[in-house]
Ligand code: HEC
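Listed next as structure tokens is one chain, alone, in the form predicted on its own.
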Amino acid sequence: MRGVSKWIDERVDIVGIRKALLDRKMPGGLTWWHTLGSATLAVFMVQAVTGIILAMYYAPSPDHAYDSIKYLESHVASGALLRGIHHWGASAMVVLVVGHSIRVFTMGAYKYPRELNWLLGVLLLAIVLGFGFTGYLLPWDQKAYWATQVGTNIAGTTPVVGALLVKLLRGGSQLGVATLTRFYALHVLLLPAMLIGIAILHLIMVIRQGIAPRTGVLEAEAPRDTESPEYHRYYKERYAASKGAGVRFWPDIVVKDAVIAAVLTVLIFLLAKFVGAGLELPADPSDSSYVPRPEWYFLPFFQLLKLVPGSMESIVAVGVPGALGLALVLLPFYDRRSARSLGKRPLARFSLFGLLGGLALLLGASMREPKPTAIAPEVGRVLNSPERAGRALFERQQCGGCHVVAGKGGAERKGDAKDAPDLTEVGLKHSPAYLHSFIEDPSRFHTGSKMPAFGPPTLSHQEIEELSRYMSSLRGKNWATAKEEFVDTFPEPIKPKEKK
């Protein structure tokens, strides 16, 4: 083995690589906040391993995507746990990347000589958010479908290139097979390749430049401008002095990184085990009544769009993320003062606290809103696809203006509408077939009925059937135990007129 090791070392220089990576000196006074970068890398490794396993069971097509997720959770050993780890790992990635960026910003570590490394970090942040956006379409459930519909619509508000962006993202005008295939390819091929490549460059530059020391090390008697030759000489001298009183990367820093990585892995495992990833009903493009809500890390932006007037929505949808991204990219080029402590940078302090405070308020407002539920309260259970379509039709036709359902509606019950029956338990009294016929032409059942006929061409036979299915699901608060007692009385069929 010694001979083999020597042979390999002479050609690859393993000893030299080990010394360059593990034996290098680090500045003194590094805190646990400096472990966020390595923690992000550790969570990405967890995501890569679980993602590869999940991809072995996933079918990227609208006809089979949802069923493949259900099969994974119910028939594959630890399948639900693996999906939960991947789900919560995605949230951990967002938290860690944002936290790492905040740490770099507060320490002024984006300044000389780390401007390019800051730009790579901004790209990594964008890629991680791209993972989140492309990933939650893959289960092809209601949340995935409608949240992506909203997200791609927002992209469509971009001036000049909006229509092209929507077409590129969806693969056409509507969400469908092409959309799911593209998002899957982006999620498992393009984005991982980009992240790995940029992360390698990021790490190479960190190794080459070293970790930024404490802010006070680079502020005492520092020249005013980081671009001046005097500052470059000053920086090299001060950084070398900080490393002389510092610690070794191995084992001092590596142990800290390993502890944080282990704690995060255990936390993700516990969330996956006891909370899970969740899965709603299969995607139903016809269910226009569904209220979409994206993942929590997109909720502040989602809430902001709900607060602005409709005429300003497109400006805010494109302008806010565009302005924020541009500010992050240009940051190391317009902030060239040597001051690095957040306390000595009032504009940076105000901007950071204002942004974090605004995000917290928007997230809190969004979390306080009642979450959309698949359970229809007036029915007490989850509606199937035809019933959901019927419920949406019931609302569009404003049937609740005359009829009361579970104590709601009947706001327009005036005059003849006062005789409109309460429909809370109509599903216990009449069959779907009776309701279908009645909706088509109420006057056939009750002479002089004030209810208008909704038969074709007002509504199609399919729409009437969906409406009757929804109404037959209305069975009151005791829907689970109540028994039907149909009182259907069909009128005599209309006889065709005899020819004379």
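For the two forms, the rigid core is made up of the largest set of C-alpha atoms that agree within 1.5 Å on superposition. Heads up: residue numbers just count along the shown sequence, starting at 1. Since we're looking at a predicted model, the values are computed, not measured.
What comes next is about the form predicted together with this ligand, which does not appear here.
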property: Y235, F298, W118, F394 - the one with a heavy atom within 4.5 Å of this ligand in the model of the complex; result: F394
property: Among the candidates H430, H87, H202, K111, the residue which, in the model of the complex, approaches this ligand to within 4.5 Å (heavy atoms); result: H430
property: Candidate stretches 39-47, 25-33, 438-446, 55-63 - the one whose heavy atoms come within 4.5 Å of this ligand in the model of the complex; result: 438-446
property: M471, heavy atom within 4.5 angstroms of this ligand in the model of the complex; result: yes
property: Any non-hydrogen atom of L423 within 4.5 angstroms of this ligand in the model of the complex; result: yes
property: Exercise: P456 in contact with this ligand in the model of the complex, heavy atom 4.5 Å; result: no
property: is_contact(K450, this ligand) in the model of the complex, heavy atom dist at most 4.5 Å; result: yes
property: Contacts with this ligand in the model of the complex - residues in 386-408 whose heavy atoms fall within 4.5 Å; result: F394, Q397, Q398, C399, C402, H403
property: Exceeds or equals 2 Å, Cα of V46 between the shown form and the other one, core fit; result: no
property: I260 C-alpha relocation of at least 2 Å between the shown form and the other one, rigid core basis; result: no
property: Rigid-core frame, C-alpha of R396, shift of 2 angstroms or more between the shown form and the other one; result: yes
property: Cα separation of G390 and P62 in the model of the complex versus here, shift of 3 Å or more; result: farther
property: Sense of the change in Cα distance from E280 to T424 in the model of the complex - at least 3 Å versus the shown form; result: closer
